[in-house]
Ligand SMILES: C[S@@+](CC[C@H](N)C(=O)[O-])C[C@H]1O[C@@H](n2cnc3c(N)ncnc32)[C@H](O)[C@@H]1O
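First comes one chain, alone, set out as structure tokens in the form predicted alone.
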Amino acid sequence: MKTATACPEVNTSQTATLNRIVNDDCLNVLPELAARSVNFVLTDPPYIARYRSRDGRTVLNDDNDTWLEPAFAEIYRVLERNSFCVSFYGWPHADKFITAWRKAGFRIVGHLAFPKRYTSSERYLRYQHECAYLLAKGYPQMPADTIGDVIDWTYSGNKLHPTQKPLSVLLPIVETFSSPQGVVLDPFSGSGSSLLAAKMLGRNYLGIELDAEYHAISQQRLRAAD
């Protein structure tokens, strides 16, 4: 599959920072990155849902939105001109996410839906899908071969993280919206699925994960892929 944008070769002064995961708050790490140094962002931030899995696991900073606007302002800054960001989000707080994205400077250019063959939870409805927005900084080139906005979801088992995303949905996103010589960034990298997808496709990557347990899991996972 061809990619959306061309990207200059990675600056050798930045190569030491690539292909690793930083165990820290992204609000501490992102300001240290050079402006326009990242080709594509794929991220699954906290949904502001106070989520607790059936086995009791939680997600740090899922109980507040104080990080939301400053994080996406920095994400916008570090992205190259005319490039993409794909962000999952919690639909009950879609207004907060959309406000943060637009305030940062992003344009909304697409919406992705991921239907599940099972029910995640049941309240007023049986909740059976995930969703993400395709955001643009500037005016990226159209992909030569693009993907549909509905992608079937394969259950990951959530063994490594309570909201673990399956590689099967991340691989086509990374392949379509990043450049082969570009850097894929995930500032909320969890168990490292987005980074593993980038690695499998031969992309450089940089992850940031606040939770030390998931940072260790993702490091082990990426090493195992060597």
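We number the residues from 1 along the sequence you see. These figures come from a predicted structure and were not determined experimentally.
The same protein also exists as the form predicted in complex with the ligand; that form is not shown, yet it is the one meant from here on.
A.B. asks: Just one stretch in 32 to 40, 162 to 170, 197 to 205, 176 to 184 has heavy atoms within 4.5 Å of the ligand in the predicted bound form, so which one is it?
C.D. replies: Comparing against the ligand in the predicted bound form, the contact stretch is 162 to 170.
A.B. asks: Any of the heavy atoms of I21 lying within 4.5 Å of the ligand in the predicted bound form?
C.D. replies: I21: no contact with the ligand in the predicted bound form.
A.B. asks: Decide whether A49 counts as a contact residue for the ligand in the predicted bound form under a heavy atom distance cut-off of 4.5 Å.
C.D. replies: No - in the predicted bound form, heavy atoms of A49 and the ligand never come within 4.5 Å of each other.
A.B. asks: Using the arrangement in the predicted bound form, list in sequence order the residues of 183 to 221 with any heavy atom within 4.5 angstroms of the ligand.
C.D. replies: Result: P187, F188, S189, G190, S191, G192, S193, I208, E209, L210, D211, Y214.
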